[in-house]
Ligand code: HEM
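Next comes just one chain, in structure tokens: the form predicted on its own.
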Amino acid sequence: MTLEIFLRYVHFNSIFAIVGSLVSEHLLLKKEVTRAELDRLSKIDAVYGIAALILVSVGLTLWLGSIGKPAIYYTKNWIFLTKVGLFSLVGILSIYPTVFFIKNRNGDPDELVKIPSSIFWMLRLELLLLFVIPLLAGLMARGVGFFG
């Protein structure tokens, strides 16, 4: 029981770190930023990446390790599978901004770099999808969506 509580605590805090880092990225992003600001954005993005890896590893442990509820509870729940799919989509959407930040952060720190509008829209879509996931988690926790 203690391991389950600890894992759920880590899982929950990694969600906060993901949302916080994405909101920070969105708030700091402008149409043109200096390379120094891009370096800062890439560090915030690294926090996002680490938190996402922790979230996925702990989530898989809770799911497949049968810590708490049995694995079938999650596997046979279409809401859970939708939640996993949406989070996967968030991860896929984050690839382009991450690569852009890393590629463009080096050089003269005062040089301005134009940010493609697609990065703004990807971050906004990621945040929107992350906004829906807790609703799905709440429904799933109440047993909604189980088809087994």
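Just so it is clear, the model here is predicted, and its values are computed rather than measured. All residue numbers are counted from 1 along the displayed sequence.
Just so it is clear, the following notes concern the form predicted together with the named molecule, a form of the same protein that is not shown.
### Task
Can you check 93 to 101, 27 to 35, 106 to 114, 52 to 60 and let me know which stretch has heavy atoms within 4.5 Å of the named molecule in the predicted bound form?
Partner-contacting stretch among the options: 52 to 60.
### Query
Which of V23, A137, V10, A17 has a heavy atom within 4.5 Å of the named molecule in the predicted bound form?
Selected residue: A137.
### Message
Does any part of K43 reach within 4.5 Å of the named molecule in the predicted bound form? Heavy atoms only, please.
### Response
No, K43 sits far enough from the named molecule in the predicted bound form that none of its heavy atoms falls within 4.5 Å.
### Message
At 4.5 Å between heavy atoms, is Y48 in contact with the named molecule in the predicted bound form?
### Response
Output for Y48 is no: heavy atoms all beyond 4.5 Å of the named molecule.
### Query
in the predicted bound form, does V84 have a heavy atom within 4.5 Å of the named molecule?
Judged by the heavy-atom cut-off of 4.5 Å, V84 is in contact with the named molecule in the predicted bound form.
### Task
Would you please decide whether A141 lies within 4.5 angstroms of the named molecule in the predicted bound form, comparing each non-hydrogen atom pair?
Judged by the heavy-atom cut-off of 4.5 Å, A141 is in contact with the named molecule in the predicted bound form.
### Message
At 4.5 Å, heavy atom to heavy atom, what parts of 68 to 89 sit next to the named molecule in the predicted bound form? List them in sequence order, or say none.
### Response
Residues within 4.5 Å: K69, Y73, Y74, F80, K83, V84, F87.
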